[in-house]
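Here we start with a single chain on its own, the form predicted on its own, put down as structure tokens.
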């Protein structure tokens, strides 16, 4: 049977680039993992092996590092925009560029009081420790006329030690779970949000402030929601973002329920008054949903595994 070539793309994945900005003795770090995927007029390289339309993946790697110097890294989103625009506008056969970025955060190490026998606390502004809270992620796609920017985070672990219940659910002959009227609610947040900035004529968001504020609203909603289900909490987290961040039209969360089960201490003559728990890592409930601004069509993939 005859065959035809379907969707295809190529590029250089996981280019690790660390940019140090030296402001006198004070240094700043941007630590990114950048993946480039290009698509366009690539039939011949697949069908005949002709590389006439192929920009080498090694060149895309070099571009990442050169742009870190040429443009700096103000934000992951802005850096991705520079790269995507360059690849599409500089090479006729390339019609679309997708830049995926993971950002690893660092914070400055607090030093000892003055009069240190070493450098002195007032002089140390170049030492950092990796933040362990979450990994920031971005995906920037450009087709020569329209942008799509999706940002987010993963691996952010949060917990409420009370103000969570779970009861009134369907019960059948296989149900063994006891209803809970005071439980731990914990999850490892994977979230993505899509911006309504789509072309260069619009005012570009302040990417750094947007991320900080979006995370703030998300965490406030998690903490302030008296939860009867993780689904309810998820919806409140997304709604809080949509209602407070005008630049964002769509939010999608994937929330594994990190179960905490009360340990039975009665065999030891002890009463467990919601104090001692067993933290189970698997299996886990997985709660996923998209929250949209009214009138907006969803565009974030349902499966965010590779996003």
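Numbering follows the first chain given and starts at 1. The structure displayed is predicted, hence computed values, not measured ones.
Beyond the structure shown, there is the form predicted together with a further copy of the same chain, which is absent from this document and is the topic of what follows.
Residue contact with a further copy of the same chain in the predicted bound form: residue 109 places a heavy atom within 4.5 Å of it.
In the predicted bound form, a further copy of the same chain lies farther than 4.5 Å from every heavy atom of residue 181. Interface residue remark: residue 204 is not counted as part of the site for a further copy of the same chain in the predicted bound form, having no heavy atom within 4.5 Å. Though the partner is left out of this view, residue 229 does reach within 4.5 Å of a further copy of the same chain in the predicted bound form, counting heavy atoms only. Along 58 to 87, a non-hydrogen atom within 4.5 Å of a further copy of the same chain in the predicted bound form is carried by 58, 59, 61, 62, 63, 65, 66, 67, 68, 69, 70, 86, in order along the sequence.
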